[in-house]
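First, one chain by itself in structure tokens, the form predicted alone.
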């Protein structure tokens, strides 16, 4: 009998839960090794090489054979890579390659696994926060901007051709003719750099408080020889634009902010009278019970606890968290003075909602 409740627990229940925990442990280990396979190019190399032994694969990927062989052990025992003991050859089924490589028409999910190791780097600091409150600064997250940019490239850059722009009727024609666009918390600036490349008559501004991210964004724009985009280092809670922008975007950014209500108010003030705010943010409910059973809920709450919420709290902020949810998002948009707010979901991006506000 559970000491704090009346629920009867059977040995079978405990045994089943033990099996679940072992599964979680194995899956966590496999996720880390998938991340390594992604970063080292092993999945692409195995797909391109075809059935091969560990030495051939290591040579193909220009890696150390002993490490490749051990990596293959994880991939084989987890059912990701197939192994033929009669020949000693490993192979990646095409069905798996479609989700783990950069093959044409593939949806590469391997990059998402990097979040496990990125967040794991700050586990000890997060444990301290559990005891003492506060948060962890952006500077503690090694490779955060790299992984976030890669993640965004898949959902946002890829999404420009999969329905994002069509959410706002007439927007593409406006971009062709020339409008002024602001991207809030732009990170490395890949999204507006792509828009600037597509629509040379429009002007684009990206702002982010990370000097590292903005410097990388400026280097990318210079290397691409794109002159209709500029990047500024700024705290978006202190923006002082007034009626300047026809379109303002915030991709997976508002919930991280120290003062999201002020940021939303600043965005409204920065919009022209006919301006539009396009906000992409996490697909979740503000009510935890409604997130039970949703496939990405454990990941969303984990990323929130170990990054989104924590970086806000570290700045003395609200600590809204990634799972602030559609209900609260709509309330905050209304409080900021937006009207006619629409919400949309797109098939290519199961992790986010898209909000259109005027």
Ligand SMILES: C[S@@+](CC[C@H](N)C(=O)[O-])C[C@H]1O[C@@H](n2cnc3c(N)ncnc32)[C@H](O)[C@@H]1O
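Here the structure is a predicted model, which is why all the values come from computation and not from measurement. Residue numbers count along the first chain shown, from 1.
Here the subject shifts to the form predicted together with the ligand, a form of this protein not shown in this document.
- Remark: all three candidate residues (144, 148 and 234) come within 4.5 Å of the ligand in the model of the complex, counting heavy atoms only.
- Though the partner is left out of this view, residue 210 does reach within 4.5 Å of the ligand in the model of the complex, counting heavy atoms only.
- Not displayed here, the ligand is approached by residue 251 to within 4.5 Å at the level of heavy atoms in the model of the complex.
- The ligand is not shown here, and in the model of the complex it never comes within 4.5 Å of any heavy atom of residue 246.
- Using a 4.5 Å cutoff between non-hydrogen atoms, residue 156 counts as a contact of the ligand in the model of the complex.
- Comment: 136-144 is the region of 167-175, 136-144, 76-84, 120-128 lying near the ligand in the model of the complex, near meaning a non-hydrogen atom within 4.5 Å.
- The contact residue chosen from 101, 114, 266, 152 relative to the ligand in the model of the complex is 152, the criterion being a non-hydrogen atom within 4.5 angstroms.
- For the residues 278, 185, 110, 271, the 4.5 Å heavy atom test against the ligand in the model of the complex is passed only by 185.
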